[in-house]
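In structure tokens, one chain follows: the form predicted on its own.
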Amino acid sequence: MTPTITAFERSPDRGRGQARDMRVRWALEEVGQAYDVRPVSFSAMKQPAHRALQPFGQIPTYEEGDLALFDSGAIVFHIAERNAGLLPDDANARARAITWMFAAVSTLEPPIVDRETAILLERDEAWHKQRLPMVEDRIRGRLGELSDRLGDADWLDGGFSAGDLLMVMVLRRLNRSALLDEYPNLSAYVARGEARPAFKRAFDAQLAVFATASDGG
């Protein structure tokens, strides 16, 4: 059965691959699973029909038969568990890959999103100039720890896994800052993820949505 995911009808990232449906697209491309996409407008995201799938009125969602999931991390985990290619066969290696999945979304991502909030929503506050450097220092702390752990390895734990997929997507949220450039091995790590054919297919698919919207199609 072909799963259906939801995505922004008009992506606020202008097709740069930052919207969280990109994570799900990439995972599906990695495992060779065909999928359909249902674009959702911002107003429709807050309506009861969508909230029945995603109680917080966000994207993406994932529907496959009578199964409906929300939250990009959980969806990627489901895809990785049901298909070969994103989790190792060895039980211990599999557990470590899952650990990195959780670390990406619960340890690395929160301070990065906090920085985005500070820039986009708090920049007019009197305390903005004092708060932003503190947020960025917290990010540097996490990046330094991750950089030390990665070292000169290609991936976090042996071969590429769903842990790397989510970690690369989280780190890409820093693409418009200079923070990632302070850690050359992390910049190279992200570039390796972006060079994967499955990433490129997913990125092109998401970019096409923005291109269509911009053309009025």
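So that there is no doubt, residue numbering starts at 1 and follows the sequence shown. Not measured: the values here are computed from a predicted model.
Just so you know, the form predicted in complex with S-(P-nitrobenzyl)glutathione (GTB) exists too; it's not on screen, but the next bit is about it.
- In the predicted bound form, no residue of the candidate spot (N92, T99 and S161) has a heavy atom lying within 4.5 Å of S-(P-nitrobenzyl)glutathione (GTB).
- Of the candidate stretches 185 to 193, 27 to 35, 147 to 155, 40 to 48, only 40 to 48 contains residues with a heavy atom within 4.5 Å of S-(P-nitrobenzyl)glutathione (GTB) in the predicted bound form.
- Using a 4.5 Å cutoff between non-hydrogen atoms, A19 counts as a contact of S-(P-nitrobenzyl)glutathione (GTB) in the predicted bound form.
- In the predicted bound form, S-(P-nitrobenzyl)glutathione (GTB) sits within 4.5 Å of a heavy atom of D13.
- S-(P-nitrobenzyl)glutathione (GTB) in the predicted bound form is approached by I59, whose closest heavy atom lies within 4.5 angstroms of it.
- In the predicted bound form, none of the heavy atoms of E81 sits within 4.5 Å of a heavy atom of S-(P-nitrobenzyl)glutathione (GTB).
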